[in-house]
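Only one chain comes next, encoded as structure tokens, the form predicted alone.
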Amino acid sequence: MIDLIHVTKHFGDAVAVDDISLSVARGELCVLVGTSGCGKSTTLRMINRLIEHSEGEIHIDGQQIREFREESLRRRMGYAIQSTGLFPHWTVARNIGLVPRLLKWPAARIQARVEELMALLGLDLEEFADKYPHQLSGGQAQRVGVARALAADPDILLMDEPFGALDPLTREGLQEELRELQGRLEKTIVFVTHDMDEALRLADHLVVMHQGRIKQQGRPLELLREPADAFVESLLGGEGRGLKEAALLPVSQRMLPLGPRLLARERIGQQASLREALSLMLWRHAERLTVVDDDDLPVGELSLRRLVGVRSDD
């Protein structure tokens, strides 16, 4: 869907992005992560030509982006940023309908799309349609920003630190909503963050950048288990990588079938993470947990030995 081929960006004598190559498959959520100034936001903005690349090629669906008119290219891509970019003197409904209006959609179609997206993102039409951005919480405003980015039904969604200014609880909730949304809509998403926990939680394809270069890319578990060098290892959490890996693995991967022993008192859902299971064991001083399904019916058990990867409980 998106291909960057030996792309470089100069700002005067400074090199912001240095000879990077990257492919993002259709329907994939690709996360660019790294320290401040590593080139991740510049890379994102080159994809929709908010910043022009200096060298190399960028392709969308096999076509070079410079073959598109800038305006038409950007309208094919949703764009969501940390500050939301909402027009303060426009209502929520009008903000969401911005791009469809620019594309001259009929009024009835715009209204239907606005209503559809507000429902999709949990914004009650009667409560929020006529509100202004200053009347919204941070999480609500960010939902409106995402709705606006999706309004013209683009194939590609570009997101630059969209949850960076939010409190941890709101941020975690929106991360979960984004994953669910992507599963339903199958958009190709390029997401920039400096938060490694956010990157690991969201990414299908994780790209670690440093000083304008790509240090390593691949599946999150691949990077956690085999970091390319000391920088990547440190960014991924150093000796804390085990806990980050545990946060990515569901209990169902390590649980055993129910045995003849009495059920453990403490319960955990099969889709909970191994990190959550470990936390519960530590908090409740428990060496075993009963694993339950969505109906709270026991389906297995998880021991501490099994959780940490010991294959036998003998």
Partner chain sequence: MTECRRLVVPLCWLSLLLAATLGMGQLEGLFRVIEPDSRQVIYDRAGFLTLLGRHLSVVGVAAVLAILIGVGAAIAVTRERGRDFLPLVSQLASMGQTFPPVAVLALAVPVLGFGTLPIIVALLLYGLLPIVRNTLAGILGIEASVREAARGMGMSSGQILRQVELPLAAPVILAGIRTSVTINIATAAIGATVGASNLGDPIISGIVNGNTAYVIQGALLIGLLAISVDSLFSRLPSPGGR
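For the two forms, the rigid core is made up of the largest set of C-alpha atoms that agree within 1.5 Å on superposition. What you see is a predicted model; the values in this text were computed from it and never measured. Positions refer to the first chain, counted from 1.
Omitted from view is the form predicted together with its partner chain, to which the following refers.
His134 within 4.5 Å of its partner chain in the model of the complex, heavy atoms | His134 belongs to the contact set for its partner chain.
Going by a heavy atom distance of 4.5 Å, is Thr188 a contact of its partner chain in the model of the complex?
-> Judged by the heavy-atom cut-off of 4.5 Å, Thr188 is well away from its partner chain in the model of the complex.
Would you check, heavy atoms only and a 4.5 Å threshold, whether Gly85 touches its partner chain in the model of the complex?
-> Within the cut-off, so yes.
Give a yes/no on whether Leu102 approaches its partner chain to within 4.5 Å in the model of the complex, heavy atoms considered.
-> Looking in the model of the complex, residue contacts with its partner chain include Leu102, since a heavy atom lies within 4.5 Å.
Its partner chain isn't shown here, but in the model of the complex, which of 92 to 100, 162 to 170, 107 to 115, 207 to 215 has heavy atoms within 4.5 Å of it?
-> Within 4.5 Å of the partner lies stretch 92 to 100.
Using a 4.5 Å cut on heavy atoms, which of Arg275, Arg45, Arg254, Arg288 is close to its partner chain in the model of the complex?
-> Looking at the other structure, the residue within range turns out to be Arg45.
Though its partner chain is not shown, can you say which of Arg201, Arg75, His194, Arg241 has a heavy atom within 4.5 Å of it in the model of the complex?
-> In short, Arg75.
State yes only if every one of Leu263, Ile268 and Asp294 has a non-hydrogen atom within 4.5 Å of its partner chain in the model of the complex; otherwise state no.
-> Looking in the model of the complex, the three residues Leu263, Ile268 and Asp294 all stay beyond 4.5 Å of its partner chain (heavy atoms).
Exceeds or equals 2 Å, Cα of Thr84 between the shown form and the other one, core fit | Yes.
After fitting the rigid core, is the C-alpha of Val144 off by 2 Å or more between the shown form and the other one?
-> Yes; Val144 is a residue whose C-alpha shifts (by 2 Å or more) between the shown form and the other one when the cores are overlaid.
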